[in-house]
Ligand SMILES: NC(=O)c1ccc[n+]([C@@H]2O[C@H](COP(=O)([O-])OP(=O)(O)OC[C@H]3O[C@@H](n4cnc5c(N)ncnc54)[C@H](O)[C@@H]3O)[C@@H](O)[C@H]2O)c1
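Next up: just one chain, as structure tokens, the form predicted on its own.
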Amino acid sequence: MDTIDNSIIIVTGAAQGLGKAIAKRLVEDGCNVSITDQNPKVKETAELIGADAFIGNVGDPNHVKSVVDSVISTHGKIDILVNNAGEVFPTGPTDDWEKTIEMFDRIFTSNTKGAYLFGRAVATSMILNNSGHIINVSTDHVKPSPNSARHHGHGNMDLYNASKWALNGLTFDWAKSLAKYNIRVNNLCVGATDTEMLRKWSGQNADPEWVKSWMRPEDVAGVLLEIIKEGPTGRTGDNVGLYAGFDCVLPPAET
């Protein structure tokens, strides 16, 4: 697939950071891109990169349907969905009860429910067109780097990790269920990337050597574009791992 010109694409969580870089790269490659985020800054981003903007929470079914219906009404179809929206907060089994309840709802809504709702909402259009691609942005906590010693959790991130592991269930099941309609579904398991979210998480005293190893959002966006350009016969049901400190390149498909 040499070109994705005029593809109709939705990117969630795209007001800033990785989502913004992904949307910008897709616009530059000739796609018609719609972006959504609960941050009102999404409008400014859309104007800057040449996309359409929607403000709302990806966990709100009414917002999801409004975005999907509007894009289909304007363009007649949806070719690609990039479920990038997500949040991270420190959580663990010793949190007080009120925080436990609040954080579960917030993190799973942003990281899992949003991907679930958007995936379900676009599937009907993709089935009608007998083609499509859904990419769920996950984490290297799900698929650690080859030299990582942390294969069984990171500590103080139980809800974030659980919400991202849940994307595996959606991705692998959808890949099988939708294969007969020529719809691909993949996870992009992204390690430390220089975004506003990671810098906030890391604080001002982050290890300079670690910060130096972070991937650039633009490079991750380039790999995502390569996955898309594999076309209808490309990988599906794959966890694509990208890691800080490693070359940011597309690995071979899992077999």
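One-based numbering along the sequence shown. It should be emphasised that the depicted structure is a prediction, and the values quoted were computed from it without experimental measurement.
What comes next is about the form predicted together with the named molecule, which does not appear here.
Trainee: Contact between residue 190 and the named molecule in the predicted bound form at 4.5 Å, heavy atoms?
Mentor: Yes, residue 190 lies within 4.5 Å of the named molecule in the predicted bound form.
Trainee: Counting only non-hydrogen atoms and a 4.5 angstroms cut-off, does residue 164 reach the named molecule in the predicted bound form?
Mentor: Residue-level check for residue 164: yes, a contact with the named molecule.
Trainee: So in the predicted bound form, is the named molecule close enough to residue 58 to count as touching (4.5 Å, heavy atoms)?
Mentor: Contact check for residue 58: yes, within 4.5 Å of the named molecule in the predicted bound form.
Trainee: I'd like to know if residue 49 sits close to the named molecule in the predicted bound form, meaning any non-hydrogen atom pair within 4.5 angstroms.
Mentor: No, residue 49 stays farther than 4.5 Å from the named molecule in the predicted bound form.
Trainee: Thinking of the named molecule in the predicted bound form, which stretch from 71-79, 124-132, 85-93, 169-177 has heavy atoms inside 4.5 Å of it?
Mentor: Careful reading of the contacts points to 85-93.
Trainee: Would you say all of 182, 227 and 254 touch the named molecule in the predicted bound form, counting a heavy atom within 4.5 Å as a touch?
Mentor: No: none of 182, 227 and 254 comes within 4.5 Å of the named molecule in the predicted bound form.
Trainee: Heavy atom within 4.5 Å of the named molecule in the predicted bound form: which residues of 113-137 qualify?
Mentor: Residue within 4.5 Å: 137, and no other.
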